[in-house]
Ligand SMILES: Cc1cc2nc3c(=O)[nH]c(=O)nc-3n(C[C@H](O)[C@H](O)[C@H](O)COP(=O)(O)O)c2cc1C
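Take a look at this single chain in C-alpha cells; it is the form predicted alone.
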C-alpha cells in the first residue's frame, strides 16, 4: 500500500482531519457520496444541504456516517435578508407581472409548462429546522454562505458545534469574527456559485490581518497544490475547494434521487467542466437574485435581451425555479445553471475525489520539499 504524504496545518487539528482541505458545500452537487469521499480522502467533506428538508437532511447525514467514520460538516445558505417565515402566495405578489409573463412565455415556447422544482422555502424558520437536525445528529461543523444570523453561533457553541462562515470582504469578516465564528472562509471573486467582487489573492491576506487570531481558510480558484501553497503563503491555514471536486465521479448523482438533476444534465455539466476555459463563466443574478458565477448559457442570453432587472432574493429564485426544472427534465441543458469557478481551465478529466486530493496534497508537498528549495535562494 502506497504511503500517504504528511501535510498538516493548524486546520487539521481544528477539524480532526489529515489534510487542510475542506469541500465547499455545493447545494445541488455535494451530496452524501461526495461528502464521505472527501472525508475518506483526508479532507473535511461538507454536505451541501441548502435544498434538503429536515428529514432528507437527517437521512443524508446518516448515509454519510454509513460511508465514513471521519469528521464532516453541513453547509446551507441562510442570508440575513430572508424572511422569518415563508408564505409563498404573499411573496409571489411582489413579483412584477412583466417578469412573470416573460418566464411563462419561455415555458410555453419550450413546452415545459407545469414543471415544478422541489420547493425551497428559504426563510429563517426553515434554516432553524435544518440546524435543529444538525444539533440532534451531532454534526461537528456547520457552514453558512451569504450570512450568519445572530441566534446561530450561541446555540451552536452550546451544542458543541463549530461555525464556519463564508465572507467576500473584510467588513463582513470583522462582523463575523465579533459574532464568534470559529473559522472564516475568505472567498474571492474567482469562486463559482455565490461570490463577491474581490479577488482571492487580494482578499485573503486582508481578512487574515483583520480577524487574527481567528483562523482563516482561503477559497476561490484553488484546485491543485499550487493553490493550496499560495493560500498558506497568504496567511490562510487551508483551502476551501469546490470546482475541483465538481469534476469527480462522486459529485451530483445523489441529487438525481431527489429529481433535482438527471443523467443528461450531469453529463453535460461534466463536459462543460472538461472542455471550458477560465473565461467560460459569467457573473449573473438571474438564478437567485445575488451574484453567482456559472457557465454562460442560453437562459442568461435570453434574460439579458429581455432588459428585465433581476429581483431580490428569494423572489428571483422563485421566478425562475420551475422553468429551470422544466428545462432540465426536457434535456435542455444549455438553459440549466451550471456553477463553476475560474479555475475550470485546469480541469482535464473526471476523476475520483481521492485522485483530486492526492493531486492537491502531492503537488503541495512537491513544491514545499523540492521546488522551493531548488528555485529560491535566501540569504540572511
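Values in this document were obtained by computation on a predicted structure and should not be read as measured data. Residue numbers count along the first chain shown, from 1.
FYI, the form predicted in complex with the named molecule isn't displayed, but the following is about it.
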Quick one: from 207, 231, 191, 74, grab the residue that has a heavy atom within 4.5 Å of the named molecule in the predicted bound form. 191
Examine residue 145 and determine whether its closest non-hydrogen atom to the named molecule in the predicted bound form is within 4.5 angstroms. yes
4.5 angstroms heavy atom contact with the named molecule in the predicted bound form for residue 27: yes
Contact test in the predicted bound form: residue 43 vs the named molecule, heavy atoms, 4.5 Å: no
Does the named molecule come within 4.5 Å of any heavy atom of residue 34 in the predicted bound form? no
Within 4.5 angstroms, counting heavy atoms, which one of the listed stretches 207 to 215, 108 to 116, 242 to 250, 298 to 306 is next to the named molecule in the predicted bound form? 242 to 250
In the predicted bound form, does each of 50, 220 and 269 have a heavy atom within 4.5 Å of the named molecule? yes
Scan 327 to 345 and note down the residues that get a heavy atom within 4.5 Å of the named molecule in the predicted bound form; none is a fine answer too. 339, 340, 341, 343
